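Only one chain is given next, in structure tokens, and it is the form predicted on its own.
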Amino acid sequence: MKILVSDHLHEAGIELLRQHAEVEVATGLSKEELIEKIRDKDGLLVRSATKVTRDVIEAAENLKVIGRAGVGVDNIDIKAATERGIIVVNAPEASSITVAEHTIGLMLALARRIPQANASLKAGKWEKKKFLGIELRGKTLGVIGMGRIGSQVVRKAKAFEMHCIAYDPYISKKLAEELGVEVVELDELLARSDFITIHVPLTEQTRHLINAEAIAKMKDGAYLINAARGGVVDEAALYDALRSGKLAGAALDVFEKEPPFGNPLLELDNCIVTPHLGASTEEAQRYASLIACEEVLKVLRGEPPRNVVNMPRLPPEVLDKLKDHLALAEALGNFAIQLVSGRIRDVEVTFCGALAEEEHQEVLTNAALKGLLSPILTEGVNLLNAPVVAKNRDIRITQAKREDAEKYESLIILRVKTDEGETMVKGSSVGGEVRITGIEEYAIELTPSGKMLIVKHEDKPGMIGRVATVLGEKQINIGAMQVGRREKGETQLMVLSVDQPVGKEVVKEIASIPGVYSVKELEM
């Protein structure tokens, strides 16, 4: 076995590889150098610096597995790897403890003003009265996002005798009870918390989740900690809140733009900052390296890996037959999660036509779950662990099949039920291309790609024009449009493909048009 390590990995993982394979360590490679070195390799290990593009993947004649020593795989072309039958593995759990500990450290630094006191004393001052702090004991900690890291933060905060409340639409009752955490809605968390810590992924739904409106709902004198993703917090709104005294302090490990040089938050004495150190410990780097290297070795030995990003281990002929349907199932999940509201209760996947007799339906169901859950959870969701992740959140999964595939050879129907309603999307693979063929009871055929706007509205003249006028006034170009309805005079569904992001304010303006019932912005 020949393995290339193209980024700086902890030596523990590299030593493990050397016990079983021929290992070449070559960091800082140009794209051309990487392409040359990867040609005869069976495995590739990276962190975030190496860009594993389609060109690199297509140049690899023997490559079977790519390992990422960490969580994010944005630097790897997953689609190209999947098409070539190359398994991508990662190490999603490696930094959970480390990030949680850093969060607690930031909280303590805020409560006791440790960085400011340190700077003062080193400047030759003795200002005991100036740095009067507060205890964590008895305070309410609000945790936004209860994945691996959020759960660890709660466990550690309990040791400080804090009362923990959490907002997470996808946490199971069992986990909440085990952790002793009270699950509340976001507005209640904002209003009750003395400290608020964020542990959610950055998506269009979570971007600027903490904005001026959210901050206005917080307690006067509350503290905010963000060691998740910079874009979750509106930094301009946070700056105003810290300057005005609405918030007593904030601690940030992440920023909208990194490095944040020139960011006015760095000028505020009540804003503690660290340079994205959440996962930067000896233990986390060692653990990430060991996990990723062990996963790569498992694949090369023909053993089932645990942290598969793109697919399970299937025979090449099966993978070739299913790859278009896997892409379809995942796209349906990704499409549906952007339409639903509330806590997911049930997911039903129905296989129609030729897929009704497919023996690997579980893999396709897992692909739909991956598409559904990956955008809303910080933990890694893959084709192997998706059912477990869903079960841990009290989501019931069912499969069904039927002979009728409407006008298609095969069809997948995905129903997602929440505590606020039900959403259904249909799709088919047409000539190897993913198509959405139905949304709820509306017949629509579209390729889920790019930015889209889905508008439910009254079926009457002028509605399409009014929506288009708002978009035109905001310089948002419409690339394509479809309208579906069940019966004349009933509610219509309009799907617009747009060239620019629409944004929350424009969505609100369209939603305020008389006769518009709902507006959803999607991106695929």
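A residue's number is simply how far along the shown sequence it sits, counting from 1. The structure presented is a predicted model; accordingly, all values stated were derived computationally and were not measured.
What comes next is about the form predicted together with nicotinamide-adenine-dinucleotide, which is not displayed.
In summary, among the residues G249, P448, G105, P201, the only one with a non-hydrogen atom within 4.5 Å of nicotinamide-adenine-dinucleotide in the predicted complex is P201. A heavy atom within 4.5 Å of nicotinamide-adenine-dinucleotide in the predicted complex is found for one listed residue only; from H360, R148, R113, H208, this is R148. Only one segment in the set 167 to 175, 300 to 308, 331 to 339, 233 to 241 has residues whose heavy atoms sit within 4.5 Å of nicotinamide-adenine-dinucleotide in the predicted complex; it is 167 to 175.
Although the partner is absent from this view, G278 contacts nicotinamide-adenine-dinucleotide in the predicted complex, with a non-hydrogen atom inside 4.5 angstroms.
Taking the partner from elsewhere, S95 is found to have a heavy atom lying within 4.5 Å of nicotinamide-adenine-dinucleotide in the predicted complex.
Using a 4.5 angstroms limit between non-hydrogen atoms, V416 is distant from nicotinamide-adenine-dinucleotide in the predicted complex. The shortest heavy atom separation between T378 and nicotinamide-adenine-dinucleotide in the predicted complex is within 4.5 Å. Residues A227, A228 of 208 to 228 are found to place at least one heavy atom within 4.5 Å of nicotinamide-adenine-dinucleotide in the predicted complex.
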